[in-house]
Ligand code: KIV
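Here you get one chain, nothing else, as structure tokens; it is the form predicted on its own.
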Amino acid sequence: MAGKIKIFDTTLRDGEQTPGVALTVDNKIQIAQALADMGVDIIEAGFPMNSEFEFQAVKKIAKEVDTTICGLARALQPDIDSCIKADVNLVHTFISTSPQHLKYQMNKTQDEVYEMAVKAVEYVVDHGLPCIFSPMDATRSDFSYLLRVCKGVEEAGAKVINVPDTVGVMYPSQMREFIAKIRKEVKIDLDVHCHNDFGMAVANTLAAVEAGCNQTQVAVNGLGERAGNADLEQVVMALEVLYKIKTNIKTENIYKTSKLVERLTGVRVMPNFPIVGDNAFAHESGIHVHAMLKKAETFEALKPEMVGARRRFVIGKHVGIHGVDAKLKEIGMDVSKEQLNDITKKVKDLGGMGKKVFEEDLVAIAEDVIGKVPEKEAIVELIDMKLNFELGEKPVASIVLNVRGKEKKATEEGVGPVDATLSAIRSAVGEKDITLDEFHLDAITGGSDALADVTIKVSNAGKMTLARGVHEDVVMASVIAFINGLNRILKI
């Protein structure tokens, strides 16, 4: 195996071929910059010949992003010219070599395809650019013919040969043997591009590394055609942690880059997706949590901080008293042993009824047990509220409060009635650093007459608290929750 593996990212090319994904030029530049900041060795910015839009996007990325930028080209001179004009640092040219593709896609003979491949590589090299060559559908090609093509492009000056498992039909032991046979015959660098049709793209990529590949093609969040490509996060972390093989990736940037790609592509990552899924570092089982509070490695193969994520304990029917205690301390709530027992029992009871218990629910449960801020200790009290909401106009809210014994008034508009009302309260209180960080609304019983259950997260000058409000009116529930939150945060 190679001592260090280069990471070739194809999120902006194959990843954008994910059905339903369409990135703007600005989107592409944002992602490309994040990939460069993360340490990706090569970014395949797109397929310049595809359209004028794609050409301009690749050209702009090549100009603005400081890493090796690659353009994709069929083994055709106009495609290669388009890459050259886009100012890329590297040309990735390809042509099919499998019997299926030669007959039904290319309608060409083996000799014709061989000649096209060699001429394409020679053309790239003659124009002063390094060239990666891909025999598309390599893993379904006649092996002797595949080797002939690989040797031909090697002699023509290709810098790297990429071996694509175009329709994801390989399995790890087969891929390891396949790459090893090519490695014996080809002296230049080998790359691998695996698709996930059978869920083995990452495993096949790692098997290829075992057999001598020193570069891997991956995509953030496993994006790509059909079932996608080998996932960048999983490949990199497996190399770094399991194989002890270095890459140039700054792994602490992985999580935020994944979330950026998720947001800009609109393709959600499954909660149980490795490394970057919401549940990747989440723990609920009481046995697990109890052990992890002593030493995280008991139930974690890698630390979340390595990829820029964070560990979280989930509160549900499987939780134990230690998990509840840790979560309450995390959110700044101190309870007695007796109160902790009562809170844990209520959490388990709710979980047993099939209810998901979120952090906000835990706070509400804890508040039920330990009691809210007594009225005589309240810093902020609601005296009066008026809301004007006309169709086509921004809603306007007027608030009268008692703040530390003094009457305070404010009028604010907002994007909606809740926003207007909470803005007016914030103005009346007069604390500039108070922010509403999270807002969560539940209909407790369901139906149009359901009680509104609002939970919020409020912060002020680095302090944070959670609060809850229940009312038959959504606006009033929001007001109650916000005032409860203010009373808590202003007492801290």
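Note that the coordinates shown come from a computational prediction; the quantities given were computed from them, not determined experimentally. Just count from 1 along the sequence shown to find any residue number.
If you look for the form predicted together with 3-methyl-2-oxobutanoic acid, you will not find it shown, but the lines that follow are about it.
Scanning A238, M136, M200, L146 against 3-methyl-2-oxobutanoic acid in the predicted complex with a 4.5 Å heavy atom cut-off leaves one residue, M136.
Of the residues given (T247, Q215, S98, T166), T166 alone sits with a heavy atom within 4.5 Å of 3-methyl-2-oxobutanoic acid in the predicted complex. Put simply, N253 is far from 3-methyl-2-oxobutanoic acid in the predicted complex: not one heavy atom of it is within 4.5 Å. When 3-methyl-2-oxobutanoic acid is considered in the predicted complex, L72 lines it closely, a heavy atom lying within 4.5 Å.
Using a 4.5 angstroms limit between non-hydrogen atoms, F94 touches 3-methyl-2-oxobutanoic acid in the predicted complex. Although the partner is absent here, S82 is not a contact residue: none of its heavy atoms lies within 4.5 angstroms of 3-methyl-2-oxobutanoic acid in the predicted complex. Comparing 152-160, 192-200, 102-110, 254-262 against 3-methyl-2-oxobutanoic acid in the predicted complex, the single stretch with non-hydrogen atoms within 4.5 angstroms of it is 192-200. Residues R13, D14 are the ones in 1-29 with at least one heavy atom within 4.5 Å of 3-methyl-2-oxobutanoic acid in the predicted complex, listed in sequence order.
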